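Only one chain comes next, encoded as C-alpha cells, the form predicted alone.
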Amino acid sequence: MSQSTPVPVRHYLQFTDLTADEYAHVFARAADIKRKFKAYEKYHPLADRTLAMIFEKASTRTRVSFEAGMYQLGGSVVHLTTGDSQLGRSEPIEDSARVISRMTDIVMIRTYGQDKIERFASHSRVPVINGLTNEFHPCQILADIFTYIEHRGSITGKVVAWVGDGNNMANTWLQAAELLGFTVHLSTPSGYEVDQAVAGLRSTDSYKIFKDPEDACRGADLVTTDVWTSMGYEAENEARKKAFADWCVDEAMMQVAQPDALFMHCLPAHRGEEVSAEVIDGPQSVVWDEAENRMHVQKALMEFLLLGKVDCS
C-alpha cells in the first residue's frame, strides 16, 4: 500500500491520545481486519515495516498479540527483553529511543513507570505504543470496548462496573468513559482508590464511586475486574488478599447487573480471588473474545499510526 505523504508521528501512550472520531475509525478498521483474518484473506499493508517490542514486564497476551498481529499485516518483529534493553540502565532512555527508532518503524514498550515510555517517545522518530505501564493500559481497554461493540453495539451511554484495584486498568477505563461518553461505577477497597490526578480526568461527571461492589454492579451493562495483585506489587500480595476479600465478582454481583450484562477480565485470572469460576466460565463471560481482540485492535492501531486513515473495504 502506497502512502503519498508521510504520516505525522503519533504516539499511543494513554487512551486520551486519540479522539472519539479516531476511535470510531480504529474500531471500524479492527472489525474489517478481523473479518479478513477469519476468512483467511491475506492483508499486508505493513509489508517491509518492522515493529520493535521492548519488554521490561513479562507478558503472554501482549507479546503474542503484537507479534502475531504484525506478521499478519506483512511486517516483521524485533523482540527485546529486559536483559537486552534495560531502559535507562545500560544507556539513557533517550539514546535508546534515538537508535531503535532509526532502525525500526514502530515501537511497543511494556514497562513500569509511565515516565519511561514518555521519555522514550519524546526522542523517537517513529510511533510508540504503550503495551502497559503501572499507570495505564490503553491497548487492553481498546480491546475491551471493541469486544463490547461486537456483542452489544455502541458503548456510549452505557454503565461499566469496575470492581477491584484502582490500578492502570481503572485509570484507563475512566479516561475512556470521559472521552467516549459512558459511565464507570467504581468500587475499590479502602486504600486502593483511583487517583484522579494520575488518570488526568477533567471532572468527576463520568464516574461514580461505590463502597459496596455489589452496588457498583447494579444496573451495569458490563462488569469487569483485574487481579488483586498486579505485576510489580507482589510484596503486597498477602495484605491485598485481606483487603480485597469482598471484591470478588461472583454470581450475586452479576445478577444485579443488567440481564444481558457482559463480564470481562484482562487476564491472567485467579478463579476464587477476583472472580468466581462460575462467572468467568459462565455464559456472560466474553474473556476469550476479549483476549483475541487485543490482536485485531492492535493491528488496526498500528495501521492507523503508520498509514493514517485507511478506507474500510
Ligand code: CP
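Each residue number is its position in the shown sequence, starting from 1. Given the structure is predicted, the values throughout are model-derived calculations rather than measurements.
Omitted from view is the form predicted together with the ligand, to which the following refers.
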Sort through 239-247, 92-100, 189-197, 134-142 and report the only stretch with a non-hydrogen atom within 4.5 Å of the ligand in the model of the complex. 134-142
Evaluate S276 for contact with the ligand in the model of the complex, applying a 4.5 angstroms cut-off between non-hydrogen atoms, and reply yes or no. no
V256: heavy atom within 4.5 Å of the ligand in the model of the complex? no
Do H11 and the ligand share at least one heavy atom pair within 4.5 Å in the model of the complex? no
Answer with yes or no whether A39 is in contact with the ligand in the model of the complex, where contact means some heavy atom within 4.5 Å. no
Could you tell me if all three of T60, R110 and C266 have a heavy atom no more than 4.5 Å from the ligand in the model of the complex? yes
